[in-house]
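Quick heads-up: it's one chain on its own, the form predicted on its own, in structure tokens.
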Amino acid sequence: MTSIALASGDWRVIAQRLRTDRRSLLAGAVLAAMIALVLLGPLLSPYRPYEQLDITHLVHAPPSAEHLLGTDSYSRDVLSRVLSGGRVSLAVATSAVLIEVLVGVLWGLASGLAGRGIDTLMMRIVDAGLSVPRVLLLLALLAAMPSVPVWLLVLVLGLTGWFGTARLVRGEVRTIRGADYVLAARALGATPARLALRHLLPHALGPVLVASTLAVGQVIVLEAGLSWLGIGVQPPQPSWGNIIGDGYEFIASAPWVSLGPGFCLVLVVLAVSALGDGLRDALAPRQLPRT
């Protein structure tokens, strides 16, 4: 017996479902275009993101042919900062979600395979983590630190978001650990590590993939909010959040400073969410052929 989600034929079915889902195709195209733009930012940016062009005459210059998104209060080109900030925001979100998935999967596997007492203890820890609002926890942790480098922000975001993944993986493992093929592998001498990675983890990869895709959008919003509050990515390094924060006070007189990164932020989050929804529909077990 093999995992429904990992059978080669089922992957073809999943890919076909995604190709025929217009919402997923559009979301994937938008996301790919945004990733390409921010990755090619150094080649596309007309100016350096930190460069103050003319503090006397180019403060809050409106959009023009030379400055497509205008300039900010320090005469810096907003388009260049949006492209550079996009790389930071997407890198922070992706790295944090990778940490979430790694810790959550390992914790969930260990809890699902452990005895009743250890499993109960591990799940109570997860419950305690889920009971604390993540935003409040992040505010408390980051505000208590004198400085927050990007690597530390990634680590804190990742280590405060793995609880849901752990519960998801643990539930999948507990559901199938008594299956005949798992018992047969155990009887044949499979080590706990091989049992977890070869026979149990594949069943959880589908739900984890969907959850991690949706989590990317959530972390992008979290990072933007924290940077807007001044406890995320620190200036002068741009991110979409602190660029929006730079223009917040001037939203009436120079709305272009915040509208550019705000539009990109909303577009990416919507695309990631739509892609995650499409992937969840494509991976729905009841819709997949069984082999």
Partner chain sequence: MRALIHRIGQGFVVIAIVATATFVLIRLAPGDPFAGALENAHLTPALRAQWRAAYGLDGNIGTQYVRWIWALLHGDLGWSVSANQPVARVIAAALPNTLWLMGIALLLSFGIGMSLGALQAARRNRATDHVIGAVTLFGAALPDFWLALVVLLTGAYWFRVFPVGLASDPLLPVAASLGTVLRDRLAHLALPVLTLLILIAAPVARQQRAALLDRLGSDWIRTATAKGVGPWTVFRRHAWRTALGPVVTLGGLALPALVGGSVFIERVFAWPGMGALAATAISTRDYHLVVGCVLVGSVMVVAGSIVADVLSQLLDPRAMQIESDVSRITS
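As the structure is a prediction and not an experimental result, all values here were calculated from the model. Residue numbers count along the first chain shown, from 1.
Form predicted in complex with its partner chain: not shown, discussed below.
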To verify the annotation, which of these, Leu205, Leu155, Leu98, Ala143, has a non-hydrogen atom within 4.5 Å of its partner chain in the model of the complex? Ala143
Just one of 36-44, 261-269, 50-58, 66-74 has residues with a heavy atom within 4.5 Å of its partner chain in the model of the complex, so point it out. 261-269
Does its partner chain get within 4.5 angstroms of any non-hydrogen atom of Ile231 in the model of the complex? yes
Give a yes/no on whether Pro255 approaches its partner chain to within 4.5 Å in the model of the complex, heavy atoms considered. yes
Exercise: Ile244 in contact with its partner chain in the model of the complex, heavy atom 4.5 Å: yes
If we define contact as a non-hydrogen atom of the residue within 4.5 angstroms of the partner, is Gly28 a contact of its partner chain in the model of the complex? no
Scan 216-237 and write down, in order along the chain, each residue with a heavy atom lying within 4.5 Å of its partner chain in the model of the complex. Val221, Ala224, Gly225, Leu226, Trp228, Leu229, Ile231
